[in-house]
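Shown here is one chain on its own, the form predicted alone, set out as structure tokens.
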Amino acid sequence: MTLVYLMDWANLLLRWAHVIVGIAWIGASFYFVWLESHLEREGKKQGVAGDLWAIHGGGFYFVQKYKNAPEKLPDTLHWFKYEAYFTWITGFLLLLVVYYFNASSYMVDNSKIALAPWMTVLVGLFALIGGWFVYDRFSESRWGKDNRIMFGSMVLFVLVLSFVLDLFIQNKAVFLHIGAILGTMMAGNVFFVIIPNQKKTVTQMIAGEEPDPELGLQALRRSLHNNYFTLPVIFMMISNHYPMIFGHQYNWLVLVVIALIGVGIRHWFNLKNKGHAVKGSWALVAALFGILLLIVLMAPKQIEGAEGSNAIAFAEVRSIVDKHCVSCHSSQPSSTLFTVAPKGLMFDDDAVLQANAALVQQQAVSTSTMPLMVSPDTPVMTDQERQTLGLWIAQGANF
């Protein structure tokens, strides 16, 4: 068994585990936000913030929330924390396996500020750790406790951070790291704030003291942040499959716009849960308009002058493909990254290359996201070579 084969299994199993625990965490988070929004709050006895009746799976449920805490702790108290912890752990291990262990291919971009692979890994780690500390300190400032100021500051922070990261690492890695940074903030909120505050509340009750209500308010603020981070994080995690997104010239700006779209959709759901779907429809309309605007503005431009240009000889195209593509995309890859051709595309076969010309156009011409940097010594595909490929495809991709 080769190392590449074992790493593929590690990638698959970690990705599977990450999705499983992520669903559990997000599902619990969304449920409790829904629960908070649907509590009946009128006419309740003293000390009770609200209650709710529900039916599910053929049974009736009654849930009651206290304003601060019950008079007596129950014998069994359920906690929700390990879903968040294991989501972050599996996500970080996946980041190590896919990006950091293959930094020369997935992190280094020689067309940007030249860095050694280990230096790009340090950039990623510094962004993860530094992002949490900046967010955490600002959240506890007097400005961070104002939701509007907090929202505006987070938008500016993500904009600046994505722009800076785009100077040093590959576009795909920028999107992935912004998602990982927001995910780290979410997990950090659970580990450093929400669960410790809940433990302090329980400890105070055991000691016969009245729990400090500020502990609950602080935890609620962080839970609200997590709620709004969720949809942008999910999008960042799946964005690496779509080069028209991360491969755009202004990908850092596109990233922020997409994050805002996710926040807008989540805001509408939150208002809908409170019975204000129509009132909050502006957020949904703005999000949908933003998606439509991105689709229109980001559409790839057609190759100009294709009809008037001399026909591109296929031998020239074959030379470019052999130089930059077949180390991975062939029946027997020579790359250290793959044992089989990615997506089964074997470009050492002329017919396969011709049949997938539109995909080559998207990956290597319109977005310049391919080829990968297989090693620091891998030759960079020049703009002229990309132009040649684009002209050949525009002229019909003929042999």
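Bear in mind the structure is a predicted one, so any value in this text is a computation, not a measurement. Numbering starts at 1 and runs along the sequence shown. We call the rigid core whatever largest set of C-alpha positions still superposes within 1.5 Å between the two forms.
Another form exists, predicted together with heme C (HEC); not displayed. Remarks below refer to it.
Residue contact check for Y106: one or more of its heavy atoms lie within 4.5 Å of heme C (HEC) in the predicted bound form. Under a 4.5 angstroms non-hydrogen atom cutoff, heme C (HEC) in the predicted bound form lacks H177 among its neighbouring residues. Heme C (HEC) in the predicted bound form comes within 4.5 Å of a heavy atom belonging to K343. Contact annotation for Q354: none of its heavy atoms lies within 4.5 Å of heme C (HEC) in the predicted bound form. Only one segment in the set 275 to 283, 259 to 267, 322 to 330, 117 to 125 has residues whose heavy atoms sit within 4.5 Å of heme C (HEC) in the predicted bound form; it is 322 to 330. Residue L359 is the only one of A28, A69, L359, L52 with a heavy atom lying within 4.5 Å of heme C (HEC) in the predicted bound form. With contact defined as any non-hydrogen atom lying within 4.5 angstroms of heme C (HEC) in the predicted bound form, the contacting residues in 344 to 373 are L345, F347, L359, V360, Q363, A364, M370, P371, L372, given in sequence order. Comparing the forms between the shown form and the other one on their rigid core, the Cα displacement of T339 reaches 2 Å or more. After superposing the rigid core, the C-alpha of S330 moves by 2 Å or more between the shown form and the other one.
Annotation for the pair P333/L14: C-alpha atoms recede from each other in the predicted bound form, by 3 Å or more compared with this form.
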